[in-house]
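Take a look at this one chain, the form predicted alone, written out in structure tokens.
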């Protein structure tokens, strides 16, 4: 039985089941595109149903680009992971050129606060997308996203936030994403963007504000069930009085401690007394919170949930928490435990969050993205539900499947738009991929793209379904090309690609 194109597109759900059970710089973009391998091999069948290398690339980053999976398999999981844990040693010319051409990221706080917030939003969101798409430092970018969620800041809180968040991204999240948790916590607590977002810039002894203190304990460190009280929150808020942002003068835009606004009285948080030491009290508080056993448990659980399973194994969480305690919160050490664990090797499929889904689809097809037209990508991320830095509550975008599973139709529409050149500024080089794979038939072409999307060959049942739709006409036939594009879009919309 032959299928019409309309019938085939209506079979999205059926095919999904068959497919799986569960401006920066034009130079930088050209360099990245030049990395498409000269030759691409047809994929081998997956006889195990569990490819640990593919899972590692999908979860410790944003999925493989053409050639990445073969290289990682040749290296082995442990070697690939160690390379990723030391991003400074990774040659990343395209991403470095992209970053170097950013304008606002090069400014200090005093210069930055004079800039246009719309320009700041475009540069911040655009550069975040570009780095995830083009960078070879995939685990680093994934951890930047993880900590950006953990220390969430909503970009539309007020007119200054996009400018302040550039400083937070540049000076807080990125320098400490693979470092020590205590250093990251300290930088975040004094971040201009965090002080604005959680209202601590207006926290004075005459008018105390508890927002920052509450989220510092509930979300950033201990967790809501750690046993602290409302009195602890109020006392911590007193410690945070006086930390604000200079509004004018030579220090305009910088975080400062105003002693005249600080409560120098004695405070007690979690049974520990803080005497009137002023500025140093905050560091003492952060040290206590960072070394508290509940913080180790919370960070361990969140890392395991992000990278292993929505409900991570308790044994793994305990091992990661122990590593946190023994290494003084070393992020690299915790990631080694997670990614080299049996729990990760045997982890159940995990639904990609919308941002990861979009980036991984672009990467799978080696898609070129124009910064000057990246607003189209931003609009798609809004439809999908995860535009970076646009989650209003302070808890960050959700990590679990139920939060995203009811909004899957936009993913299907995105895949169709991408394959049919309806996404301004995004151009997958389909003809170059076919040429590199030396595909001469529709069957070869389907298997070639299955290797890029699924990391494996199509099963006989999948191949029969797709070839029944595409037919076996010549590759230069317009109708055949149209149906092949439909087929690749359907691969990107299937559970085999979305659940990894």
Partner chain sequence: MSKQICTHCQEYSEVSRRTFLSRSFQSAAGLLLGNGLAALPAWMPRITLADPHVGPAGDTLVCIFLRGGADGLNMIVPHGDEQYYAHRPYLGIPRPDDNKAKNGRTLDLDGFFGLHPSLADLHPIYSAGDMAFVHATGSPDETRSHFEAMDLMERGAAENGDYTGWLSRHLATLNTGNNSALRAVGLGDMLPASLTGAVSATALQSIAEYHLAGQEERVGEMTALLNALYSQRDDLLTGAAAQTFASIDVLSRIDTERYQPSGRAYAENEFGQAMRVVAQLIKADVGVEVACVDLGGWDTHVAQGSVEGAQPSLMAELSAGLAAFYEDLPAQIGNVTVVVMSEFGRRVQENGGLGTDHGHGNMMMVMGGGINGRQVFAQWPGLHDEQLAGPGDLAITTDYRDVLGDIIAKRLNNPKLADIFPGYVVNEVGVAVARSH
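Residue numbers count along the first chain shown, from 1. Not measured: the values here are computed from a predicted model.
This protein has a second form, the form predicted together with its partner chain, left out of what is shown; the following refers to that one.
A.B. asks: Taking 4.5 Å between heavy atoms as the contact cutoff, choose which of 264, 154, 105, 257 touches its partner chain in the predicted bound form.
C.D. replies: By the 4.5 Å criterion, the partner-contacting residue is 154.
A.B. asks: Check each of 273, 248, 74, 421 and return the one that places a heavy atom within 4.5 angstroms of its partner chain in the predicted bound form.
C.D. replies: Contact check passes for 248.
A.B. asks: Is every one of 305, 413 and 462 within 4.5 Å of its partner chain in the predicted bound form, counting heavy atoms?
C.D. replies: All of them do, each having a heavy atom within 4.5 Å of the partner.
A.B. asks: According to a 4.5 angstroms non-hydrogen atom cut-off, is residue 292 in contact with its partner chain in the predicted bound form?
C.D. replies: No, residue 292 stays farther than 4.5 Å from its partner chain in the predicted bound form.
A.B. asks: Does its partner chain come within 4.5 Å of any heavy atom of residue 479 in the predicted bound form?
C.D. replies: Yes, residue 479 lies within 4.5 Å of its partner chain in the predicted bound form.
A.B. asks: Give a yes/no on whether residue 407 approaches its partner chain to within 4.5 Å in the predicted bound form, heavy atoms considered.
C.D. replies: Yes, residue 407 lies within 4.5 Å of its partner chain in the predicted bound form.
A.B. asks: Test of understanding: in the predicted bound form, would residue 449 fall inside 4.5 Å of its partner chain by heavy atoms?
C.D. replies: No.
A.B. asks: Just to confirm the contact call: exactly one of 87-95, 120-128, 331-339, 156-164 touches its partner chain in the predicted bound form at a 4.5 Å heavy atom cutoff, so which is it?
C.D. replies: After filtering at 4.5 Å, what remains is 156-164.
A.B. asks: Can you tell me which bits of 190-220 touch its partner chain in the predicted bound form, meaning any heavy atom within 4.5 Å?
C.D. replies: Contacting residues: 196, 199, 201, 202, 207, 208, 209, 210, 211, 214, 215, 218, 219.
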